[in-house]
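For reference, the chain that follows is the form predicted alone, supplied as structure tokens.
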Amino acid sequence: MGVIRAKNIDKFLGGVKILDNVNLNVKQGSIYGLIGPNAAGKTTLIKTLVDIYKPDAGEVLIDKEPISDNKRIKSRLGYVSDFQYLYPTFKVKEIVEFYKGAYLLWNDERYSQLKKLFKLDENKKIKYLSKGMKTQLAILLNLSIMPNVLILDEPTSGLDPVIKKKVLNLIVDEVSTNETTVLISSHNLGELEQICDHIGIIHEGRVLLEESVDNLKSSVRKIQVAFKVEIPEEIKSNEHILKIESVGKIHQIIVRDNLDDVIENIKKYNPILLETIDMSLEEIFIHKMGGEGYVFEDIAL
């Protein structure tokens, strides 16, 4: 169990179409990062994937079985939401007992190991936990059910840097040890770049692109170049160049595909500086979306 597939998903909320013919494919044992600008539909899609929302069209399959009302699949499905809806008057240990009763494959040994990492007070009531502590508890609970699929919506929001690093390491360990399939949404693209092997970009309710991180990074590259004179017009007009930013004689050139051809073309003009620069996932995302004005903080639609 572990393959996630969304097929032709439509979803309306309040009469507004939030998801529009969404198709998504997550391979077993992969870490898939779902990214997009504000109000793109990330949280709506995630809630549809875990059967909180029923799609108005299309279906969600996990291991070729519909997720809708499927108790067997859901027993191995971990979900950490962007806001933790835990019983506020329960103590931490009472929530743990609740999960133990609800999930047949609950693993006490795993829980004990993870509890040492997070150091939560089991006698504390949920209503007295900070947002970050509630998130830690949700991660702790959902890893202890021994999930085959783990879906996380902004799981590092509100966590301090030390705990954040622990959480990211836990996700990677979960995949390498148990071959768990992970889908994670985050506005922090730097974090996703560290751990994800595949990325999906959602915009205005549609998944525009699904690609491996390696392929995505190779499809958009940056060149830094300098000439003794002005940058030649032939280079400016090259169809594979997305953007040129110049400071004095130094030019940073964003290239879409055909990097080698662009470099060979530049070499004809005897540059005094020519080097390729690695681009971050955030930079690639901005250029894929075609603009600088995108904000990565999620709106919980």
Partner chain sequence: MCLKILPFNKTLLKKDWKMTKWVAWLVAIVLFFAVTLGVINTYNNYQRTLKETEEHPEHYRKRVVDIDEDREYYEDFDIEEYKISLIDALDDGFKRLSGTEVFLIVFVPIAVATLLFGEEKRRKTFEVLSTMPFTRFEIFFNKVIIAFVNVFVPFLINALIMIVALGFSKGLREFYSTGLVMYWLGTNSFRLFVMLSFSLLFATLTGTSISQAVLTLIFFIFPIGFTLLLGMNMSVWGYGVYVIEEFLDKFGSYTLPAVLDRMEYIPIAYHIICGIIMLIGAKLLFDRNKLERSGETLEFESIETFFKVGVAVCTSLLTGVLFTGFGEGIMYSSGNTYTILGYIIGIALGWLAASYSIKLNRAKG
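Here the structure is a predicted model, which means the values were calculated and not measured. Residue numbers count along the first chain shown, from 1.
Missing here is the form predicted together with the partner chain; even so, the following discussion is about that form.
For the spot marked by D56, D69 and S75, is every residue within 4.5 Å of the partner chain in the predicted complex through some heavy atom?
Contact check passed for all of D56, D69 and S75.
Spot the stretch among 93 to 101, 111 to 119, 203 to 211, 182 to 190 with residues whose non-hydrogen atoms come within 4.5 Å of the partner chain in the predicted complex.
Partner-contacting stretch among the options: 93 to 101.
Taking the partner chain as it sits in the predicted complex, is V50 in contact with it (heavy atom to heavy atom, 4.5 Å or less)?
V50: yes, in contact with the partner chain in the predicted complex.
According to a 4.5 angstroms non-hydrogen atom cut-off, is P88 in contact with the partner chain in the predicted complex?
P88: contacts the partner chain in the predicted complex.
Verify the contact flag for Y79: yes if a non-hydrogen atom of it lies within 4.5 Å of a non-hydrogen atom of the partner chain in the predicted complex, no if not.
Yes, Y79 sits close enough to the partner chain in the predicted complex that at least one of its heavy atoms falls within 4.5 Å.
Taking the shortest heavy atom distance, is L13 within 4.5 Å of the partner chain in the predicted complex?
So L13 counts as contacting the partner chain.
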